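Here you get one chain, nothing else, as structure tokens; it is the form predicted alone.
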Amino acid sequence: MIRRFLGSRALRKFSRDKLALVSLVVILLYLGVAGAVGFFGFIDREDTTDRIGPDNQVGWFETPTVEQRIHALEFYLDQIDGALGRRDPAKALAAIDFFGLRLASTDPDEVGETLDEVAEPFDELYEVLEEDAFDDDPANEERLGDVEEGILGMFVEPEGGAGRFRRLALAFGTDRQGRSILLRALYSIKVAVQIGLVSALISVLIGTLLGGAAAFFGGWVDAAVVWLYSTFSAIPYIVLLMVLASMFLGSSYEGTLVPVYVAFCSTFWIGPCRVIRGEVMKLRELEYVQAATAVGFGRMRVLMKHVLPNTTHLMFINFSLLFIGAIKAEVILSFLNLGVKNEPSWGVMINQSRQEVISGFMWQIGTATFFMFALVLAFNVLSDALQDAFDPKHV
């Protein structure tokens, strides 16, 4: 059967579609990242919640403004000053760790002396910036560079793999809490793929079985299925999702992905059910189905073995459509605080970036939107290619 599939005309047609193959590669990359995060722990949840540096730090290809540079220096000074004020300053200084970035010395006297040396010129630059007079003196840029060298020189960058991992984490900047935007976006791939796979798989399975049974058996079975999906379709889609998701508020399942799965699977099966029902209505009248019934095969066997396998192309198409539909719906629910709760997702990132957008910081919302856009676009292209290649009417 596998050899027959690999040599099929549909697969050859699909392999000639270069855009579809590129989309397939993109999807496989996303699945690879999801597997690396979910099964191998390449990025764990703590990596997405740990502070890696100053808040609202820009990504690698954007030059930080003077305000952002001074704000970053102020953050490091506050961390050192706060540690020196603790009961055990040596221990507090040793505990300063931003993804491997540590102080070169943990001796309170030595650190305090260095801090006094850089604090005064920093305060002067801060006052100049507050007075909007930084650009009036070209020497201020050189002074800022010297202050940066003095403050950042108190820290030691990690080497080897830890250093590369830190640079990767800072590639897309940090959010309002100093967390890595890129690590949160990569971790969100795992959440998106998990939600998409589970929701699409269960929804297609339910829709296929109900739609196939309704069309093949007819009578009260068909009437019951039609009434069921007509009732669900009469309720506005987003309202139904919100109601189903909010049912779990205050329960032991709140904060897990169970409410998301229930909300999506309870609504997404309607599309596949309608499509499969229409297709089975045509298939049940074909000669091979009539012949199978005439020789004495049971109706359930005919449905499962001879009818539903010929709707596989529709299952694939609906699966890909529901996969991206679940991802987009999760973003909406999470933006409304009804979706993912205790871990990062693209919807959570967009929700948390609202205040950043107001202040002109676009890195978090831009990163989440880009990652979601690339995956959704790839699945849309792949869905069209699958329909063109495997739909018997197109072949």
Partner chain sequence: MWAYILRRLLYNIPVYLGIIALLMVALRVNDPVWGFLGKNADQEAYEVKKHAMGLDRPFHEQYIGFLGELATFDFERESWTQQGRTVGDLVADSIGPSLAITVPAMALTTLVALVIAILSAYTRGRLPDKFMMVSAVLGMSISFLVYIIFGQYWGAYVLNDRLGTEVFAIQGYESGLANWKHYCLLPVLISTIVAVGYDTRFYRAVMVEETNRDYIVTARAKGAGKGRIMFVHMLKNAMIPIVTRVMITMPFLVMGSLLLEVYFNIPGMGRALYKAISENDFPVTEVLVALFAGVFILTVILTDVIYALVDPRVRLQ
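Numbering follows the first chain given and starts at 1. Please read these numbers as outputs of a predicted model, since none were measured by experiment.
Below, we turn to the form predicted together with its partner chain, even though it does not appear here.
For a residue to qualify, one of its non-hydrogen atoms must sit within 4.5 Å of its partner chain in the predicted complex; all three of F232, M362 and N380 qualify.
Checking F155, F75, F248, F134 against its partner chain in the predicted complex, a heavy atom within 4.5 Å turns up for just one residue: F248. Only one of G161, P236, G85, G145 lies close to its partner chain in the predicted complex, with a heavy atom inside 4.5 Å, and it is P236. Residues placing heavy atoms within 4.5 Å of its partner chain in the predicted complex fall in a single listed stretch, namely 350-358, out of 350-358, 22-30, 66-74, 35-43. Its partner chain in the predicted complex is approached by D384, whose closest heavy atom lies within 4.5 angstroms of it. Shown alone here, A95 lies farther than 4.5 Å from its partner chain in the predicted complex, counting heavy atoms only. Using a 4.5 angstroms threshold between heavy atoms, W227 counts as touching its partner chain in the predicted complex. In the predicted complex, its partner chain lies farther than 4.5 Å from every heavy atom of V58. Within 4.5 angstroms of its partner chain in the predicted complex, the stretch 210-224 places no non-hydrogen atom at all.
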